[in-house]
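Next comes just one chain, in structure tokens: the form predicted on its own.
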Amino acid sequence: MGLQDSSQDLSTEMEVDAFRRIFPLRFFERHLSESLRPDGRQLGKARDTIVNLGLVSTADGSALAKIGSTTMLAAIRMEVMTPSTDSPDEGCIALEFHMPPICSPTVRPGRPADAAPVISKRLSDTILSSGMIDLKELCLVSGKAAWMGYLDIYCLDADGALFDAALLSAVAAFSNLQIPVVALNDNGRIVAITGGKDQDNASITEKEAVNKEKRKLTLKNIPFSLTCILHKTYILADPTTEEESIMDTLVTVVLDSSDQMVSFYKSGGTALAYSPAIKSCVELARKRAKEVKQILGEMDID
């Protein structure tokens, strides 16, 4: 009797899996009609989120952010540069988003993912427009030396809402950033003082260091984002890759730490973003921002 019940359960599982593969939209809509998703989440519920700091020892700041299965590793490397004549009192941030083949079966070796440059541009625009980083704080000597921060974000597992996880990893990495100690060498150049004995370190003078110890950046107006799917009358927060592939209308709301909107982005799709839908997405983003603030607050990131 037990063997027969087990066989029936297995048969039912196979039928459900087959139906999900052949009719994915109908499968999801059956769940949506009950205000539930196949993974058990409510429609407006985000996946479990984890943030870890300082995982890359060779970086000046790093963090790993995981939202569900979507995983991002962000690392920052600081270098001294000559500031531009247009902004002699400001440093600079250069950001690049990487999607290696290990992150998804849709990414082929030797062929860059189409989404990577789009996400790079959106992340760079969001970080700079939010005012999270005061570029003047990166200035060392006006018109002569400033910090260039190279931020690289690697997608290790692409399972939906890539922008949200990438932005979270970037914020966490900047919170972990330790700006190196620098001083003047005999040639009058400002160089970073590292642990090794290189040519620049050997010629450091006894003059007072430009900054005597490592320091952290002051982060203001930290941006938080939430991606939602619009499908008929339904709004799904924090979609998985499967959900994104079936229901293609995505909107991303970015709010700062004061709940002011930084940006609203809609990436195509057939559904129209009516005012009620936009308001609902913004409200979900506010709730999500509170959750992420609590996670970051537990790590002394504010």
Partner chain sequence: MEIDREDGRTPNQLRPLACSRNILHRPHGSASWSQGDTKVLAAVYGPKAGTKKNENAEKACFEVIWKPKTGQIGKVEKEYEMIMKRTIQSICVLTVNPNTTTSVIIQVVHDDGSLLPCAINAACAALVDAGIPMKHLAVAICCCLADNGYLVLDPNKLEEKKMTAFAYLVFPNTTLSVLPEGSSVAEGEPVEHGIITSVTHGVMSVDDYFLCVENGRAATASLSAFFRKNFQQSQKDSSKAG
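Small disclaimer: the values here were computed from a predicted structure and weren't measured. Positions refer to the first chain, counted from 1.
In what follows, reference is made to the form predicted in complex with the partner chain, a form of this protein that is not presented.
*Asks:* Could you work out which of Asn176, Ser169, Ser130, Ser225 is the residue within 4.5 angstroms of the partner chain in the model of the complex, going by heavy atoms?
*Replies:* Only one listed residue qualifies here, and that residue is Ser130.
*Asks:* Give a yes/no on whether Arg30 approaches the partner chain to within 4.5 Å in the model of the complex, heavy atoms considered.
*Replies:* Residue-level check for Arg30: no, no contact with the partner chain.
*Asks:* Give a yes/no on whether Ala145 approaches the partner chain to within 4.5 Å in the model of the complex, heavy atoms considered.
*Replies:* No - in the model of the complex, heavy atoms of Ala145 and the partner chain never come within 4.5 Å of each other.
*Asks:* Verify the contact flag for Gly40: yes if a non-hydrogen atom of it lies within 4.5 Å of a non-hydrogen atom of the partner chain in the model of the complex, no if not.
*Replies:* No, no contact at 4.5 Å.
*Asks:* Evaluate Pro117 for contact with the partner chain in the model of the complex, applying a 4.5 angstroms cut-off between non-hydrogen atoms, and reply yes or no.
*Replies:* Contact with the partner chain, yes.
*Asks:* If you check in the model of the complex, do Lys121, Gln260 and Pro276 all have a non-hydrogen atom within 4.5 Å of the partner chain?
*Replies:* Yes, because Lys121, Gln260 and Pro276 each have a heavy atom that approaches the partner chain to within 4.5 Å in the model of the complex.
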